[in-house]
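Both blocks below hold the same protein chain, though in two forms, and each is given as structure tokens: structure 1 and structure 2.
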Structure 1
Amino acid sequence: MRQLLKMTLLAAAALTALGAHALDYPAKDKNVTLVVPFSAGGPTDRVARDLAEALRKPLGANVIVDNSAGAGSSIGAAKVARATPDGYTLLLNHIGMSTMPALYRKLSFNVLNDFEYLGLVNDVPMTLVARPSMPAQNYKELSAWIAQNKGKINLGNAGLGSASHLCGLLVQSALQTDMTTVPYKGTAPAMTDLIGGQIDLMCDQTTNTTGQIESKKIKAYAVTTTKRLSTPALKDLPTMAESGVKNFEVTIWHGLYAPKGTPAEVLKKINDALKVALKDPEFIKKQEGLGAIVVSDKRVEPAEHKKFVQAEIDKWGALIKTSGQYAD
């Protein structure tokens, strides 16, 4: 009984301390760490670094990026789930947040229950791209080339659970063609091999492909949105629907999270800062330059963010189950 009372008092003291810290959050002498569960230089890392800068002023603290890559973003996500819930450790993750429950049979955390949802940041369209030596000059010719080369096509991706992996599943499903998937440890090596002609195709985020398309290092055939994009390097690309692939739409989104149990006062301060950051002209300009669309709808609200992720879990879980592609 005495031991139980002692534990109860310690827990109460910890909660009181968190509450006191919440009042002066963020402290002037502390940085906020934004964990990115992917390698530096990749598309999500680029979004994170732009967001960190945009958050700095409205949050009133320096925001530093910590790359904790591996296992389809689950390593970085687990790190944040275990972190002290005081607002000084946050997570920026993409669509992988909604695919991990289906891809990984054993996770050390629950995506819906072990995080506080803070709001979505952006939507990132995908592009269907190919090696520069690909003979097809447009999507119609590419479709014919795919039909003629069944069983010989290499489709690259940045690893299990990556945006390019998910989009690749949709491409194969839509075209009813099985391709040899080649997983890499990140976007950079996959793109390097696509440019070098070691793989034939890839479906990846505009944040990663726009510069390569613009410099003509790779060939581009279509975007995965319902409407064409306004980004100069991509504005002439047709949509998949225009190209004859019906009901094909996929965007990769990024969201902000905190550990479960972070005080409500702290969550509100972070969400308020996020809303200001998403209206920052410089942040919007940088995102648009990469083909990304900054979120301005109700998904910037925590409850709507969580509702959206739940719907995405249902959507992608069915596709992953059908593909049979799981992690150990």
Structure 2
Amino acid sequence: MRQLLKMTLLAAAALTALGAHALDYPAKDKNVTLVVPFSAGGPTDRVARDLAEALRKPLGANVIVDNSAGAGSSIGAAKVARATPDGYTLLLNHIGMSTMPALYRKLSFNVLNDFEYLGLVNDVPMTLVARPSMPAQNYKELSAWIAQNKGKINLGNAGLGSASHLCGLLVQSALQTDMTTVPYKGTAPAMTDLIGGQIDLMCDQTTNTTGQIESKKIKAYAVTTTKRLSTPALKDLPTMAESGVKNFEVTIWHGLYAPKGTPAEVLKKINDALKVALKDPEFIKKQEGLGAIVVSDKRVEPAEHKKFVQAEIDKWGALIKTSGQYAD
């Protein structure tokens, strides 16, 4: 009897040490906020909203998307780095996570030390697209048009360090033309201006361009993958290599993060839910319909995710330092 009492007391003490809230997570009356560091209706937002839906059941909580856009994803990321580490505020971010440390020298957080890594989510190719009135019918004609219009071309992007910024830099270097870049808080508003003809070109994720290409609201010239895509609306698009541009490969990845210090039990629950969500046939179907490939196996492991981001930081950091282009 004494032994049993002692064990019960020890168990109670252990519970207090863990924080009862960690074991209750997620509480029935609480929503989980998923911060998206780009505009609503754009490519990252689309991934986040599909993921929020897929996470709802396995996590046992409503997941609400919060768009905190601007400064190449650093505003939204800072918000999560500062949030209470209780599992109720998460971040979905893309490659910007690895370009920020080099580009923004006055970042208020450290990408590797101020976040818990929860796993990668997907890989997303990009497409080179133009306003609907663009006269060029294919990449060859587009490069001729670009050569004739040097100094007059506007290229939209989602801010320094964004995927569209990086891809746009590669396009300008491939075509040996400097364009006027027009930064937005995300490529959702940039897409509105592209459709309206206020900007000429953009290099954007398929999660934003597929629907617009399908409905012929914009013109598309190439995909940035080494192989053609199988998504029906994109399968006829040539790769950049087929179009004559060698060594042009850009794939954007997304990952899930929590503020540093989130209890291990909570992190495990979120990671377990993420693993289930990434196997959800509905989520996979929606993502594939937008040209994205959902990740699996060890890429959903937190340690692997962190290792991958570290390698990406090294890769992009070296390129950014060489280019000497900083945001601040």
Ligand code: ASP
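Structure 1's sequence is the ruler for residue numbers, which start at 1. Just so we're on the same page, rigid core means the largest C-alpha set that superposes within 1.5 Å between forms. Because the structure is a prediction, the values reported are computed rather than measured.
Note that the form predicted on its own is the one shown as structure 1, not structure 2. With the core superposed, K219 shows a C-alpha displacement of at least 2 Å between the two structures. V129: CA moves 2 Å or more between the two structures after rigid-core fitting. Relative to the superposed rigid core, the position of the CA of Y184 differs between the two structures by 2 Å or more.
Its Cα shifted by 5.2 Å between the two structures, A147 is reported here after superposition on the rigid core.
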